[in-house]
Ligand SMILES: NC(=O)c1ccc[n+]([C@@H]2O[C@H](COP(=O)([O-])OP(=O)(O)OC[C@H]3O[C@@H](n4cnc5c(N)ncnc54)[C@H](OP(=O)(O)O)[C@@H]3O)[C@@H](O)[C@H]2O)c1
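The chain below stands alone and is given in structure tokens; this is the form predicted on its own.
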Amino acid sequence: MSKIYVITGAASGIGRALVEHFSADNIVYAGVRRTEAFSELERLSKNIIPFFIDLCNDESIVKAAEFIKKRTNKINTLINAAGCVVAGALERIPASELRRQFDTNVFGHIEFTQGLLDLLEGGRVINISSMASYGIFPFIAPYCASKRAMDILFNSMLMETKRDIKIISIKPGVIATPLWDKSIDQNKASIRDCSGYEAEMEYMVKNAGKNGREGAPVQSVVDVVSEADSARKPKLTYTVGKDAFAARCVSKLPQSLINGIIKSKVKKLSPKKPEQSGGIN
């Protein structure tokens, strides 16, 4: 029997791959922030029903939930896959960008899930988190913090709720998706205006490009999400990739030791200051 899925971030990357996978035999409500993506999604399958949602806009979130509730009285699985990355040196990132990070990756998903809870009785919520939830990766701290906050808040919902809902966190490592190129494009201002951190920003941009080309295939995430969705007793957390498993292990070390390791690696990126000559002239 076919099921009903709701998936955000459906225009590209992991969200798009999940829509394609689950729409083969099920009805999928596919949430996107660009309405021009509607026709492309509809061409993929008659089982895909696109809807507009801007996770930074309360009115949009409410309307998206109402759109779905008018068309179905049951959701088997909600997959919160939309997300963005705010990058740069934290001392230079505007507070407005930090708010955008948390609105997109945390608060928007919480609000959207709250709006659909009545339809999720007996179902499950699957959140696409990240290995970044396990620690602080330099110069993408807002992203790391947002993913950690997402995990904590949804786990609290799981502990508190009297509803029969399973909530699952999927933590992928580096995955080859358009997110990397998008993150560089969306953070141009922060990267450009990061005086004193030029070497670090240059490395970050190069590494993002490499991740987009050489990361693990999106299918690896689809496979794990499918496993979590079909499991009778799913785990609370699934890691995807050896790098995500390594991040999970490293996170158990003392924070001071983790900081020392990371700072030593970052220090190697900084250009060495010219040595001053000593002695008396």
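Please read these numbers as outputs of a predicted model, since none were measured by experiment. Note that residue numbering follows the sequence shown and begins at 1.
Heads up, the form predicted in complex with the named molecule isn't pictured, but that's what we're talking about next.
A.B. asks: May I ask you to choose, among Tyr197, Phe154, Phe112, Tyr143, the residue with a heavy atom within 4.5 Å of the named molecule in the predicted complex?
C.D. replies: Checking each option against the named molecule in the predicted complex, the one that comes within 4.5 Å is Tyr143.
A.B. asks: Which one of Ser190, Ser169, Asn76, Thr177 is close to the named molecule in the predicted complex, taking close to mean a heavy atom within 4.5 Å?
C.D. replies: Checked against the cut-off, the match is Thr177.
A.B. asks: Can you tell me if Leu55 lies within 4.5 angstroms of the named molecule in the predicted complex, counting non-hydrogen atoms only?
C.D. replies: Yes, Leu55 lies within 4.5 Å of the named molecule in the predicted complex.
A.B. asks: Does Lys182 make contact with the named molecule in the predicted complex, using a 4.5 Å heavy atom cut-off?
C.D. replies: Residue-level check for Lys182: yes, a contact with the named molecule.
A.B. asks: Indicate whether Gly173 is a 4.5 Å heavy atom neighbour of the named molecule in the predicted complex.
C.D. replies: The answer is yes: Gly173 has a heavy atom within 4.5 Å of the named molecule.
A.B. asks: Against the named molecule in the predicted complex, would Asn259 count as a contact residue? Criterion: heavy atoms within 4.5 Å.
C.D. replies: Taking the distances in the predicted complex, the answer for Asn259 is no, it never comes within 4.5 Å of the named molecule.
A.B. asks: Counting only non-hydrogen atoms, which stretch in 78-86, 118-126, 200-208, 154-162 is within 4.5 Å of the named molecule in the predicted complex?
C.D. replies: Contact criterion met by 78-86 only.
A.B. asks: For the three residues Ser23, Pro50 and Thr72, verify that every one has a non-hydrogen atom within 4.5 Å of the named molecule in the predicted complex; reply yes or no.
C.D. replies: Spot residues vs the named molecule: no contact at all.
A.B. asks: Heavy atom within 4.5 Å of the named molecule in the predicted complex: which residues of 26-51 qualify?
C.D. replies: Sequence-ordered list: Arg33, Arg34.
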